[in-house]
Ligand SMILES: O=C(O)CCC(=O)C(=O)O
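The form predicted on its own is given below as one chain in structure tokens.
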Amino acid sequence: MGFNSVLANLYRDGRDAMGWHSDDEPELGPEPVIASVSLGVARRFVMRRRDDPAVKREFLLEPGSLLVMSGSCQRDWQHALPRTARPVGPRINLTFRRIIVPPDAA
């Protein structure tokens, strides 16, 4: 099963950010696979457990990095791209996913 959708986000500088969320929309299925490609400057990416927000993980997404979130990740974790006060240039993020079309909607 391959990807059939891509979402492109431009983060112009450190003021552009994405708050805490999970990619858990019904059209992505019960255990969505999300593949995220980062282009441009490196930015900090954070994850926290939904059942215990004090449990966090942090990654530096370098240019060209690929982050894949699959299995129970979207059910158990939230993720965010925080603002930063340090001067940073632009970053583009491409997020690949599979949209599931219900049989009665086709």
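Fair warning: this is a prediction, and the values are worked out from it, not measured in the lab. The numbering used is simple: start at 1 and walk along the sequence shown.
The form predicted together with the named molecule exists for this protein as well; it is not shown, and the discussion that follows is about that form.
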- Partner contact for Arg15 in the predicted complex: the named molecule, 4.5 angstroms, heavy atom: no
- Message: Within 4.5 Å, heavy atoms only: does Val101 come near the named molecule in the predicted complex?
- Response: no
- Query: Is Thr84 close to the named molecule in the predicted complex, meaning a heavy atom pair under 4.5 Å apart or at it?
  - Reply: no
- Item | Residue contact check: Leu7 to the named molecule in the predicted complex, 4.5 Å heavy atom | yes
- Task: Output the sequence-ordered list of residues from 73-97 with at least one heavy atom within 4.5 Å of the named molecule in the predicted complex.
- Result: His79, Leu81, Arg91, Asn93, Thr95, Arg97
